[in-house]
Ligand SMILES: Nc1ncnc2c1ncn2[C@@H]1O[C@H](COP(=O)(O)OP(=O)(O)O)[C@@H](O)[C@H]1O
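Below sits a lone chain in C-alpha cells, taken as the form predicted on its own.
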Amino acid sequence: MSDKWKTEELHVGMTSEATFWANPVAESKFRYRATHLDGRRSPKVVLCDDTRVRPGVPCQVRVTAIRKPQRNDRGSIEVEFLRLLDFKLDGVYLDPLVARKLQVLLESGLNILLDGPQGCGKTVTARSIAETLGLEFVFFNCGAVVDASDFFATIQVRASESGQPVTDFTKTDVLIALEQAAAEPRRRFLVFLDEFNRCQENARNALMPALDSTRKVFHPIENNFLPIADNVQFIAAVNRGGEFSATFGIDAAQLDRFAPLQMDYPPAAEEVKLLAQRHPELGTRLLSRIVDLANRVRRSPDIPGGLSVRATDEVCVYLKHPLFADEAHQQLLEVLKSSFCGRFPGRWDDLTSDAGAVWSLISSERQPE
C-alpha cells in the first residue's frame, strides 16, 4: 500500500483518523488543518472547523466534501468531527500513564526530555510520534557536537575547481529544518536530539534560547538570529548512569527547559507482543523465553547497564533465518553469546568480565523440555 492517498480513493462519507493543528492561513474559515488520513498523506489539505478538535490529539472524522478533485495543486478535503481518540503509537509500548503525560505535553507544545535506560525505545518512540502526528522527523545525534555552532553548521573541507582545498560551512539537518519551518508554516517538524548529554554543557548552552520562551538561535552562516516557528517540536533523549562513558551532566537550568518523561523497558508480555508483530515466524514460547532471559540480565544488580530491546530483536533476526530456524530453541544460547553478552565489556567465557557475568546468568537457566 502506498503511503499517500490518491484522490480517487477518497469519497464523501468515509471515516478516517486525523490529527489536526491550527490552520496558519489567516483568511481561511477553517480553524484546523491536517495532512494525513489513517496515517497516509492526503492528496489535499484536510480542513475542519469544529471547536471540539484538540490540536495534536488524534480524532475520528467523516469526509463531507472533496473540493477540486481533478486538480493536483488545488482543492481541499473538508471533514466533520466525530470523536476524539486515545493517543497511541503503532509498534511501540508506552505505559498508559506515560502515554497520557505525553499527550498533554504534545498538546501544550512543551519541549520533552525522554529519560530511560539504554535501548528502552526512546528513539523509536520519538519517530513513532512523528509518524502518528504527521510531523517531519529530524534526527540529530548530539554525540558529534563539540562546539556550540555544531548544532547548526559544520566546517567541511572540499576541493575547489582549481583543486585547492577550501573550507565551507555546511548546514546541519537541524538548521535546515528550522529554516524550512519558518518559510513554510504549513509543514510541522519534530526535531529529535538524541544522546543529548553526550555533548559538553557549554555546547548545549547554544540551544538554551531555542528551548525557552526566546525561541530563537544564532545562525552561524548568516550571522543573525533565526526565530523558531511554532511548527517545531523539540524532543531530546538522554542515557544516565555510571556505565556510560563520555556523558556530561545536565544542570538545573537546562533541565528546566524540558518536561522530563521517564521511560523503562516494556513489561515482558508487551515486549513479547511487539516481537511477535515483527517476527511472526517465531512462536510465542520461544519469544517468551528470549524476553525472560533479557529481563534476568536487566534486573541483575551485579550487571551494570541495561540490555537494549534491540538485543531481543536481534536474537529474533538470527533465529528466524533458515540457517537457525530448524533448531531455533537449541541454538538460542549460542546466539545469546553475541547478541546479549556481546553488548557488555569482556568475553562470554571470561567469568571475571561483565560479558562473562551475563553468560553465567543466562546459561544457568534450565533448558525447557
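Just so it is clear, the structure is predicted and the values come from calculations on it, not from any experiment. So that there is no doubt, residue numbering starts at 1 and follows the sequence shown.
Here the subject shifts to the form predicted in complex with this ligand, a form of this protein not shown in this document.
- Screening G91, G109, P209, P260 for any heavy atom within 4.5 Å of this ligand in the model of the complex leaves a single hit, G91.
- A single residue from the set L105, A203, V98, L274 has any heavy atom within 4.5 angstroms of this ligand in the model of the complex; that residue is L274.
- Contact annotation: R278 falls within 4.5 Å of this ligand in the model of the complex, judged by heavy atom distances.
- In the model of the complex, this ligand lies within 4.5 Å of some heavy atom of V309.
- In the model of the complex, no heavy atom of V174 sits within 4.5 Å of this ligand.
- Contact check for V191: no non-hydrogen atom falls within 4.5 Å of this ligand in the model of the complex.
- Screening 115 to 123, 287 to 295, 175 to 183, 212 to 220 for residues having heavy atoms within 4.5 Å of this ligand in the model of the complex returns a single hit, 115 to 123.
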